[in-house]
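The chain below stands alone, shown as C-alpha cells; this is the form predicted alone.
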Amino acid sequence: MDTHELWQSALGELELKLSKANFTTWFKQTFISLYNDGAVTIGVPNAFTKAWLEKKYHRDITQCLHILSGQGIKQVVYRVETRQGTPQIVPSLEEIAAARKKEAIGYGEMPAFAPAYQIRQEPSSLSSKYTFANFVVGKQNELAHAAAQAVSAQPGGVYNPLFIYGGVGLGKTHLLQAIGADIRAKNPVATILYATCERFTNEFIDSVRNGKAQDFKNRYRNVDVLLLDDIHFITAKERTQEEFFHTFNHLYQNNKQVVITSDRPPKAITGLEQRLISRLTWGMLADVGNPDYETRMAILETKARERNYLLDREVLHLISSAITSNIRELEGALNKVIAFHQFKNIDPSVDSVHGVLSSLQPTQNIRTVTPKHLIETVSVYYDLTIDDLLGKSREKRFAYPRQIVMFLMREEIKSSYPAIGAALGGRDHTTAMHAYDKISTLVDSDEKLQQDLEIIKQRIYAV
C-alpha cells in the first residue's frame, strides 16, 4: 500500500468517527508527505489545522495509521505544506497586490498568512478588544470558535456562509469581529466590512430615499468579507430582505466570505423568506450556548488578569456561581466587584464580594413581569398577534407558543393554574397544567426549546 492509498484508507476510517462538518474542516487538503521507517509526516494546509490535529485528533490518526499500515508507527508529525513535498510559500505583499489588480486570483485563494492590511474605516468598524487571543473557549462554544478560525484562515474557501447563533451576551459578536481582526492581520489587500443588520437596514432605507441605491450596492458588494451582526433584525422587512438576498448572492458567487450572527438558527427566524433561509444554511451553522462553570471561571481569570487585578479562586467561584447565563453580565459583575474594592481601597473577601453580588441580583429581574408583558414578548418572538395567541385555534403554530406562555407564567411569575388559564383567554386550569407538564418534559431534551426559552427570558427582563 503506497502513501496515497494508506492516507485515503485512514481518512475513510476517520470520516466514520467524525461529523461531516468536522471531517471536512480538518482533513480537507491533507496528505502523507513523508513515510519512512515508522515515521509519518502529514501535510496540512495551514498552521491552524496543524495545531488542531495535534491537539484533537492526533491519537485517532495514529491509531488508524498503525492498524492500516500493519507496521509499528513510531511517530506522527504534521507540517504545513501546500502540496506534497513542497513547504507553504507566502507571496510578498507586492506579488499579491499585483495579482489582485490583474484579477488573476480571487480572495478565497489568497495565502493564509500574509502581512497586515488597512481595514475600511466605517462608523461601526472592528473593535481591537475582540480577538481570538482573548476569547475563552469552552464546550458550549468550541465548534463555533473552531469554525471561525477556519474561516479566518481560508476566507471564502471553507464555510461560506458561516452562521453563528445563540443568546444575548454569549460571544457571537466577539467571534464575528475576531474573524475580521484575524483576517486583517494575515491578508494585506482584503476589504472587510462589519455592520449590524440594523445599520444595513437603515443605510438601505437612506439610499432609497436619497436616490443613492448604487452607492449602497457598491459599499456592501465590493468587499472580500462581510460580517453582519443580528440578521434577525430584517424579519418582516421585505425590501431589505430582497436587497440582502442579492448582496449575498453577489458575494457568494464571487467566493467572498459572509459571516452572520443571530439569536436563533435560520429556520427559527420567523418572517424570513424561505430563499434566504435556504442560503443561510448552505455553509456552516454553529451555536454558542451558556458557559459552564469551568468556562465562567476561565473568563473571570482572564478578565481579572487583563485588569491586572488579583482575585483568589474562592472569590472567583462566588462570582461564577452567582452569574450563570450571560458572559456580558459575568464581566459586568467582575467589573463592579473590582470598582467597589478599588474605591474602598480594601482587599476583596468572600463577605465583601457577596455584598456586591447581592446588590446585583435585582438587576437581573429589574423589570416587574406581568402576564401581559410576557404574552406580548412571546407573541413578538413567534411573530403572532396577541389575538392569535389568546384565540381558540389549536393549530400547532398557535398552540405551541400558547403553551410556552403558560409554562413561563408558572416558572417566572409563579401564577396559579386558574390565573394562567384566565390570562390565556379564559381557559380551564387543567389546560394550563397540561401545557406546563408538556413543556417541562420537552425542555430537558429539546435544545432548540432551551434556546428559545433562554432568548424569551432575556427579552422579558431586558430594560
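From a predicted model like this one, the values you see are computed outputs, not experimental measurements. Residue indices: 1-based, along the sequence shown.
One more form of this protein exists, namely the form predicted together with a small molecule; it is left out here, but the text below deals with it.
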Give a yes or no on whether every one of T24, K28 and P161 sits within 4.5 angstroms of the small molecule in the predicted bound form by heavy atom.
-> no
Would C197 count as touching the small molecule in the predicted bound form under a 4.5 Å heavy atom rule?
-> no
Closest heavy atom of F135 to the small molecule in the predicted bound form, within 4.5 Å or not?
-> yes
The small molecule contact at R219 in the predicted bound form, heavy atom, 4.5 Å | no
Does the 4.5 Å heavy atom contact test between G169 and the small molecule in the predicted bound form come out positive?
-> yes
Among 325-333, 269-277, 247-255, 153-161, which stretch has residues with heavy atoms no more than 4.5 Å from the small molecule in the predicted bound form?
-> 325-333
Just give me the single entry in H341, K303, K186, R264 that has a non-hydrogen atom within 4.5 angstroms of the small molecule in the predicted bound form.
-> K303
Checking Q241, S207, T377, T173 against the small molecule in the predicted bound form, the residue with a non-hydrogen atom inside 4.5 angstroms turns out to be T173
